[in-house]
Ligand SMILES: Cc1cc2nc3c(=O)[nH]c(=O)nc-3n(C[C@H](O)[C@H](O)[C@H](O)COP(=O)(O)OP(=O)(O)OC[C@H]3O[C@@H](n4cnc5c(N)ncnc54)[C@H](O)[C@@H]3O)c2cc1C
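Read the single chain below, which is given as structure tokens and is the form predicted alone.
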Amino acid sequence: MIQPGAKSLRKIAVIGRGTAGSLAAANVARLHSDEDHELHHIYDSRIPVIGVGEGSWPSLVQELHKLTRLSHEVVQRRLNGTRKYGIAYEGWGHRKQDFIHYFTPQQVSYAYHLSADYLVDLLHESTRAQHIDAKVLSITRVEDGARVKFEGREAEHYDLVFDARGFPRELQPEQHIDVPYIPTNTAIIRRCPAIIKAERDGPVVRPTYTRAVARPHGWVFVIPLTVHTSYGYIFNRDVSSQAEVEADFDALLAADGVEEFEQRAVISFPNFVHRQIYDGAVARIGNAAGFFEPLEATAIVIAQLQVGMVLQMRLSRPVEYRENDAPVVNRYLINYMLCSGLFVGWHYCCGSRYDSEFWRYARDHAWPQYRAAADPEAVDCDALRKFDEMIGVINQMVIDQEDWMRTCAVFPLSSYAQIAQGLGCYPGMTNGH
């Protein structure tokens, strides 16, 4: 493979040991053709990787096979994972009925349910890198790369830095695009006993689905692994108190017959997109680049795109094109993320079976902000137009054949059609009224 940009990537840093950082390090090790390059994987061991159960998209199945050079069966068993064929929604929308958002082709394409700590360990085994245990104080763009300043050791210069350090401490309008049309900001994570047992001679092949259960204060994900089941209550701390949510969480577990659990974490999160995901030398990835609540399991698939696009661009293009390429890549990644965020927020436009304070807030206050928040002049991209076009296609009486393969970010037209039908979101009702 000819890589005109490889000589300009002699020294690369990946900062962060979570899912995004580990994917970045593994991709650098696999895709960089020159074995003489240096790859520093930098992380602070005092910051643990929280083993939250996660969903994914089918693209991860193929990528993990390539990165680890292990069979799909071995990868799944190492992840203690199950095969996710879609998301089972319970009590969402006007219809207040259960429905499934399947991957396409339906009941053929699958992803993994996995735990982040197992995924990180698996990727580290197959990644050739120098591991540096240190706290990063700052990353500064300089003329020919980036300078990373550490606590307790000398600063270093890198040709490319992948910054996977997680959420910003606070959102700043000049740096971040706020996504107010997604109405949640907090998750309570509990680890419960496994409901699916590991097979003795191979991976679990029976279809499983992430449950997304509407509740009075938000919704609960249920992710089945072979070692435990991960439950997460997603809510808005400005609308409901943690005590109220904990009580309803207890009620749901009791209804599911779960008699014991381990409280894993209470995580506050912003829904946002960074305005400068990539500048030519520094690429923010994962939660450093943006985040949306985990309703459609967008986090990993977006991180895959961020890492793959930046790395392929830098390797395949001569370094003299870097400054012109960077704004194009940056705008594409922002657009992709905002298209994903609009799809996630749209799930709330029709409320749920609960006429509660949270669901009224989500339907009547949060979601109606989407047009102003995603206005092209505010975000410098056309995500809103792309979203509107997808809604327009599914509202047609007859969908033309050339539209069948349309996508908007990771979501194909079939996803839009399934969610619209499941929610009872009929033509002209994207705002829930």
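On a predicted model such as this, the values are computed, not experimentally measured, just so you know. Don't overthink the numbering: it's just position in the shown sequence, from 1.
Keep in mind that the form predicted in complex with the named molecule is not shown, yet the notes after this line are about it.
Not displayed here, the named molecule is approached by residue 287 to within 4.5 Å at the level of heavy atoms in the model of the complex. By the criterion of a heavy atom within 4.5 Å, residue 387 is excluded from the residues contacting the named molecule in the model of the complex. Using a 4.5 angstroms threshold between heavy atoms, residue 47 counts as touching the named molecule in the model of the complex. Residue contact check for residue 351: none of its heavy atoms lie within 4.5 Å of the named molecule in the model of the complex. Of the candidates 89, 221, 346, 358, 221 is the one whose heavy atoms come within 4.5 Å of the named molecule in the model of the complex; the others do not. Checking 311, 129, 297, 212 against the named molecule in the model of the complex, a heavy atom within 4.5 Å turns up for just one residue: 297. Using a 4.5 Å heavy atom cutoff, 15, 267 and 291 all lie near the named molecule in the model of the complex.
Figure note: of the listed segments 162 to 170, 75 to 83, 193 to 201, 98 to 106, the one touching the named molecule in the model of the complex, with heavy atoms no more than 4.5 Å away, is 162 to 170. Of the residues in 124 to 150, those that come within 4.5 Å of the named molecule in the model of the complex through at least one heavy atom are, in sequence order, 134, 135, 136.
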